[in-house]
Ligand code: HEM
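We begin with a single chain expressed as structure tokens, specifically the form predicted alone.
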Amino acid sequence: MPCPYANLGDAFDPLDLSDPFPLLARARHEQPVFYSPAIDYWVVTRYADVKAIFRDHETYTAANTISPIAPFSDAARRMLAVGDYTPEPVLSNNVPPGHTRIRAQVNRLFTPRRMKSFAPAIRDIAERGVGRLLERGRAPLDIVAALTYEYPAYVLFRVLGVPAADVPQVKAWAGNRIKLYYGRPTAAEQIAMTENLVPFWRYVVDLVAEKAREPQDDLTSDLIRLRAGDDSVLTLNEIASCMITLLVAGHETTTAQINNALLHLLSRREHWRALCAAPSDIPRALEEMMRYDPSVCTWRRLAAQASVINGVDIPAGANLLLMLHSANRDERVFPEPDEILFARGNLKDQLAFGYGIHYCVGAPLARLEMAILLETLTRELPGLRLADGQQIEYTRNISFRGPKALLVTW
């Protein structure tokens, strides 16, 4: 397709998430919509445009949301077929009417009331995790490896009914899937990663079958109860597809968001001290952290028909990359966008959880578990600080931004 805005597109590396903000600020002012030849996507940077695209789910569908950036090779596709890898579109990559039917059932799980019923278990997970941190002493340590990598996994897997003993393996499978779908693995890496998709899928299918036989107090069992044996409500394969989606998106994103929050709060310790003194401000602080540096920094849409976005002609069939971290720093909506301000009056307008019919179904759980962990950390470790002289690194991919490691002391 023609690419009249090649200058910014050529300077843009969609997989480099180390410091995307200066280029995105330039794009919002000069070329709010530009073409990236590196991935064959049109990049959208302004808040109003991103929100309008989310709202118009008929013109801009979610069909490409979980499509791999590097298409699967023939060898990889054969491996998946032989392994009976059959997840289907259910939530973020589904379209109406199928999405409407499935989302209506899943929405009944993630209610604030149901999430609050898990709060005691989540608080116990947080306190035990921070307790283990305290036992390791004050030498600089990586809080990602020591706490935040596992914490959201233990929370989500408790909520979904995954046995605690299986958490490390399921976490490894999930991280592998993100690199495969949102990064650019080599041919050899793609084969190695694809090999792990099959056992991950079989694990989820077996977990759903087990919950169908013996329902317990978890969301997987809740979904099976809602199904009540009726495939017109949900099939077991759809439930398994929901579970594998949640097992990936529901904890990798939260890990990264917690790490982003800790990085910025500890880099500007006046904010950390303020939260230690007034923990009731933590929910607002988290909203500002999600605005300032969202872990899901981009999302994707497919143009079902030709359209015009901010004066740029978008052909039918074009891929769109919606820059959530740019929209959340659009000065037209958030004055002083590069400052951390907990007192903003429009914090709930941030787009870290998306918008419209595909708004993140797990948002109530994510907010709850992040708040509980920050409450625990500010209470138990008010002297927490970043270790000096460290270089913050990010995994190369197009959508998920968070420090790979974060050295702290106290």
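Model, not experiment: these values are computed from the prediction. All residue numbers are counted from 1 along the displayed sequence.
Another form exists, predicted together with ligand HEM; not displayed. Remarks below refer to it.
Highlighted residues Ala153, Ile178 and Met243: none comes within 4.5 Å of ligand HEM in the predicted bound form, counting any heavy atom. With the partner omitted here, the stretch from 330-338, 200-208, 296-304, 122-130 that lies within 4.5 Å of ligand HEM by heavy atoms in the predicted bound form is 296-304. Contact with ligand HEM in the predicted bound form, defined as a heavy atom within 4.5 Å, holds for exactly one of Leu324, Ile143, Ala261, Ile239, namely Leu324. Shown without its partner, this chain lists Tyr182, Phe110, Phe72, Phe157 as candidates; in the predicted bound form, only Phe110 has a non-hydrogen atom within 4.5 angstroms of ligand HEM.
Interface residue remark: Ala352 is counted as part of the site for ligand HEM in the predicted bound form, having a heavy atom within 4.5 Å. Taking the partner from elsewhere, Ser92 is found to have a heavy atom lying within 4.5 Å of ligand HEM in the predicted bound form. Among residues of the shown chain, Phe54 is one whose heavy atoms approach ligand HEM to within 4.5 Å in the predicted bound form.
By the criterion of a heavy atom within 4.5 Å, Val44 is excluded from the residues contacting ligand HEM in the predicted bound form. Of all the residues from 240-263, those having a non-hydrogen atom no more than 4.5 Å from ligand HEM in the predicted bound form are Thr245, Leu246, Ala249, Gly250, Thr253, Thr254, Gln257.
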